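Here we start with a single chain on its own, the form predicted on its own, put down as structure tokens.
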Amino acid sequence: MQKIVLMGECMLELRQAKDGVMNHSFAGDTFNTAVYMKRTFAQQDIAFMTAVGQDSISQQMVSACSSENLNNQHVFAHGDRNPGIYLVQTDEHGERSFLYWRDTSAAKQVMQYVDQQAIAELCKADLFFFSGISIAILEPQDRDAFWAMLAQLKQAGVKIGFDPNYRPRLWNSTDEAKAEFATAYAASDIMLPGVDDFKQLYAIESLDDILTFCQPFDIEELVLKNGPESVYCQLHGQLTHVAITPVTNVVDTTSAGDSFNGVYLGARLAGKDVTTSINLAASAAGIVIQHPGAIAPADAFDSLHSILTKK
């Protein structure tokens, strides 16, 4: 059985319904990716790596991981910190905005629980995946330990996957983000950025400029999400373009990229070719954005399972 570990922060998601009732669930970019990967490729061992508190909300969060059949082996319990919280608001076009309360999130200190025994277990994985948010939230003094851990994983033969998922508010400066991202690019075997990541951080957005920028990092598999209409993949220097039919019934774009990442990575690990993997991932994202919140109902994926059984 293939094993994938995804590191990041799961938060308490608050969403106000039309009747004024505040609903809650759990979400976070790499957590969402893990959920959608496991839902689509149940045979894969998907582990989410984070730190939570010992409060009742943290216990509910761990239960949520278990209910999605995620491996909780790398979920660490912090003695005196709690999960982060965010409030999501969507406009009439399904575009979302967020308010965050995460300064004392337990996930910020996850590296303080990663000893050599934990790293030895991580070295058994086939793929380790993280995002720009995963490293942005870490305590600055813990980032060296993270990069040292990543180097050990690579040396052990673990593939490294990365989505920049650049969020300016999480960084002290663009220079700080660029420096950390450069280290991530150099370590990555698979990278899944959006064009917007490069536009915001480097003021480049054309395909040629992005490919030229990435060339020195020797990334084996570069998957570039170009909005709702197309995806490019450069694998071993060969470029593939896949056109996507945009979804017209957009309810909430939260987690579109996360679901794409999960299904794409799961498909590639399952032996699917690039074009098939992109189409499956785009179908997943198209399903997710037709539902409110980061985590769509499980039965919404029945149509995707039907596509998989035909391939």
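Small disclaimer: the values here were computed from a predicted structure and weren't measured. In this text, residue numbers run from 1 along the sequence as written.
The next section is about a form of this same protein that is not shown, the form predicted in complex with a small molecule.
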query	finding
Contacting member of Ala64, Ile244, Leu269, Ala47, with respect to the small molecule in the predicted bound form [4.5 Å, heavy atom]	Ile244
Position in contact with the small molecule when the complex is considered in the predicted bound form, options Leu122, Val231, Ala107, Leu127, heavy atoms within 4.5 Å	Val231
Region of this chain that lies against the small molecule in the predicted bound form, out of 221-229, 183-191, 206-214, 78-86 [heavy atom, 4.5 Å]	221-229
Residues Met11, Phe26 and Gly28 all lining the small molecule in the predicted bound form, heavy atom within 4.5 Å	no
4.5 Å heavy atom contact, Met37 and the small molecule in the predicted bound form	no
4.5 Å heavy atom contact, Tyr264 and the small molecule in the predicted bound form	no
Exercise: Ile57 in contact with the small molecule in the predicted bound form, heavy atom 4.5 Å	no
4.5 Å heavy atom contact, Ala42 and the small molecule in the predicted bound form	no
